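A lone chain, given as structure tokens: the form predicted on its own.
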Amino acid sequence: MDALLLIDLQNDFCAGGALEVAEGNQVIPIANALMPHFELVVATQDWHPANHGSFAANHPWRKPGQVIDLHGLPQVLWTIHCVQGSFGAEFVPTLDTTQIDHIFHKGTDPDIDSYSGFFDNGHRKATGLGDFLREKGVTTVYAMGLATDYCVKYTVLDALSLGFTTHLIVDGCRGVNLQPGDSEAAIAEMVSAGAHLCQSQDW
């Protein structure tokens, strides 16, 4: 079975959000158009406690974009975003959530960030997504969402490491690009790891 993975299509990553990804809203119609083509649709949702260690505001004298050591892992600091239960953490209102079969929360541990939908950044804990897909008989996943160079990339890399045939829907993604070219580099890294590229028009 094939599954569609919708990664972090949340208010804080779209227009007017706390951590707005340029053109992030443009992927929502693509998600809505693709969902009917899949037997299984799974969404991930950044779901941070307010005291999350990835928030620059929780570290005196630190600013978003700086990198610190967070319990043994390098951590990019971000503006406060996708706090559990907040408007910013909700899915974008134009996303047709009625077609989503299951939602996995990530980033719930204040001591470690979770870019990937499968694991935290240290691979210390699993979200349950991998086991869920296997139980459903999924062998191939198609990933899209926000953002190309962070949560999409790490979700794709983990899907590949778990043995899923993995496709990246390129036009269904947008990147943060803290540095110019980050998204292009992320796509190259995913391809190098074995991901296949496709476009939404392929359907």
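Residue positions are given as counts along the sequence shown, with the first one as 1. Predicted, not measured: the structure shown is a model, and the values here were computed from it.
What follows is about the form predicted together with a small molecule, which we do not show.
- Residue heavy atoms within 4.5 Å of the small molecule in the predicted bound form occur in exactly one stretch of 61-69, 31-39, 135-143, 44-52, and that stretch is 44-52.
- Looking at Ile169, you'd find every heavy atom of it more than 4.5 angstroms from the small molecule in the predicted bound form.
- In the predicted bound form, none of the heavy atoms of Ala195 sits within 4.5 Å of a heavy atom of the small molecule.
- Contact between Tyr150 and the small molecule in the predicted bound form is found at the 4.5 Å heavy atom cutoff.
- Under a 4.5 angstroms non-hydrogen atom cutoff, the small molecule in the predicted bound form has Tyr115 among its neighbouring residues.
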